[in-house]
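Shown here is one chain on its own, the form predicted alone, set out as structure tokens.
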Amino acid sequence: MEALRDRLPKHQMPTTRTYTIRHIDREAEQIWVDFVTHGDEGLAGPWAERAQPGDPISFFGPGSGYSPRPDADWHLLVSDEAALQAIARSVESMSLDASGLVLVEVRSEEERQQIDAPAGVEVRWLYRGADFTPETTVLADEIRRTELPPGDVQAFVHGERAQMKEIRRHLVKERGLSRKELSISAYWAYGRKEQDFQAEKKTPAGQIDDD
């Protein structure tokens, strides 16, 4: 990709999508990636629906970012389907004595997945009962009802853009969480295609921070 950026104009660059590696099987030389599909629209979802053994795919990375701090008193991890794999990887990398709460919003119980969390980390599944819309989502309301303990709280909150803005305001301004201990970003935006969503990241509408 770096070499192509030096040679191609922007409109000729390959279209990319960002995904979290769910599992690496080094012995079998496999990388496992889960895709959220949304019908026949978009790029990655329809590709995943049609993919067959032997189909080519190119990738680069991985990137780096959040990781659970072993010395944190408590962990709060929040997501919808889009960040489920990042949540699972993070929880399963925690020390066995870690404490915290995981909130994951999905459409129904059929989308529930196995997450091997430490005994002190509760995994709470939230079911919308329908596709995501601003009216069906329950994530922000659940956070408002959730009691957070005092002490050093590290938070990871990733998902739909409007919900991330609302949750950030609540956690920082109403709950007093430290911004430096809050990893929060939008993985997608309701009603936006990926290329439009990415372009808007550079505009005020695409910013999570509102102050």
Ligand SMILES: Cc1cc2nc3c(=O)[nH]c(=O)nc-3n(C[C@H](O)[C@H](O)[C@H](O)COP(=O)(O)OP(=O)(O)OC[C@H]3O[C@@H](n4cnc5c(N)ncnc54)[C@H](O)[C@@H]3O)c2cc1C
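Numbers for residues come from their place in the sequence shown, where the first is 1. In this text the structure is predicted, and so the values were computed from the model without any measurement.
As for the form predicted in complex with the ligand, it is not shown, yet the points below apply to it.
- Looking at L43, you'd find a heavy atom of it within 4.5 angstroms of the ligand in the predicted bound form.
- Though the partner is left out of this view, R17 does reach within 4.5 Å of the ligand in the predicted bound form, counting heavy atoms only.
- In the predicted bound form, the ligand lies farther than 4.5 Å from every heavy atom of V121.
- Although the partner is absent here, A117 is not a contact residue: none of its heavy atoms lies within 4.5 angstroms of the ligand in the predicted bound form.
- Listed residues E181, D34, E142, E49 were compared with the ligand in the predicted bound form; D34 is the one with a heavy atom within 4.5 Å.
- This chain is drawn without the ligand; in the predicted bound form, the residue among A82, V106, V102, A98 with a heavy atom within 4.5 Å of it is A82.
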